[in-house]
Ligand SMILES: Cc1ncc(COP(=O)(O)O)c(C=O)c1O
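Only one chain is included here, represented as structure tokens and corresponding to the form predicted on its own.
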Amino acid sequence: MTNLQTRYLAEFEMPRVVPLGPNLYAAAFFLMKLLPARYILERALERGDICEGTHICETSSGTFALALAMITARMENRLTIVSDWALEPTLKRRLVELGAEVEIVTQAHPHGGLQKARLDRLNEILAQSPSHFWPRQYDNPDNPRAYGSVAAKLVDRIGQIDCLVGTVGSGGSLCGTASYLRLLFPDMVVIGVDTINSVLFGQPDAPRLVRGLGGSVIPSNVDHTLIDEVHWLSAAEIFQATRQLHSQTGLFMGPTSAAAHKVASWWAAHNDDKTVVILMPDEGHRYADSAYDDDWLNSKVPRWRSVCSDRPVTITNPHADLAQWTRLEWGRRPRSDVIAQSL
């Protein structure tokens, strides 16, 4: 793969900067994960970690898998994606059409859930492949490094940025963009948006319906010392926010984008002298049969229409049993410090 072969993908990598209010802007991506996927693979090629015949393998149930498949469709390399039941049938068909091999893990690990089970299966595949490359989106520092260009575009279009809001999954987008912007704006507030029952910020691990944020294992790319506030949202709140974002703004985005928008809108309204930017990872097309389908929502989250959370509850203990939108002043502390102080 050369820069020339993948140059056309750069047109899809960078976000549109959309003003949503007097002090609120969205960085709305078509497919955010194209940016780190291409950056990771190009750096690997430069280092010689990928050559002819190298088997590329990754674990993903969403857009990082799609990004890898879009890129490797132009390469002479085999791609295997290890996923789980959450992989939508339409996305699986796209991956296969792009030439990827897809393995579905169905049995959760007792200590780490499906995420750990996927990693275990991935390691088995890697052990069987003499020449392989694992992009390691959760732990590869090239993931957050890829977002320097996003930070530059935001500064060029907006100027001073006082608050950055984004969901946290692999940690790449929020932590990467924040680390670059903090070089210019050291006092900038960084808000991480998670979902209930995700271990990333201290919640007990349990099954989660919303994909693309949260996790059952803690990626090394999540830099907790960058985070000022953490907000947790329930699945019902996130899905309702997804539909409201579309009906009220016309932005057809995924649930993670809507979760970030809900939190950012509240913060911007209470800090009207501050400029707020929301990272919105992807558009809503892959969620047409889930978040944008009433029958699916009514069967999975019966109360999604009746949620009335317009402000978060503030707590001091991340282990608390949460049922609705909740926030915690994280204070740029290491995760171990926050957990120890809350015990």
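Start at 1 with the first residue shown and count on from there. Keep in mind it's a predicted model, so treat the numbers as computed, not measured.
One more form of this protein exists, namely the form predicted in complex with this ligand; it is left out here, but the text below deals with it.
**Student:** Find out whether any non-hydrogen atom of residue 287 is located within 4.5 angstroms of this ligand in the model of the complex, and reply yes or no.
**Tutor:** Residue 287 belongs to the contact set for this ligand.
**Student:** Can any non-hydrogen atom of residue 212 be found within 4.5 angstroms of this ligand in the model of the complex?
**Tutor:** Result yes; residue 212 sits at the interface with this ligand in the model of the complex.
**Student:** Contact between residue 168 and this ligand in the model of the complex at 4.5 Å, heavy atoms?
**Tutor:** Taking the distances in the model of the complex, the answer for residue 168 is yes, it comes within 4.5 Å of this ligand.
**Student:** Is residue 281 close enough to touch this ligand in the model of the complex, meaning at least one heavy atom pair within 4.5 Å?
**Tutor:** Residue 281: yes, in contact with this ligand in the model of the complex.
**Student:** So this ligand isn't shown here. In the model of the complex, which residue out of 198, 137, 240, 115 has a non-hydrogen atom within 4.5 Å of it?
**Tutor:** Contact residue from the list: 137.
**Student:** Hey, of 270-278, 27-35, 292-300, 305-313, which bit sits against this ligand in the model of the complex at 4.5 Å between non-hydrogen atoms?
**Tutor:** Checking each option against the 4.5 Å cut-off leaves 27-35.
**Student:** Could you pull out the residues of 51-80 that have any heavy atom within 4.5 Å of this ligand in the model of the complex?
**Tutor:** Contacts from 51-80: just 63.
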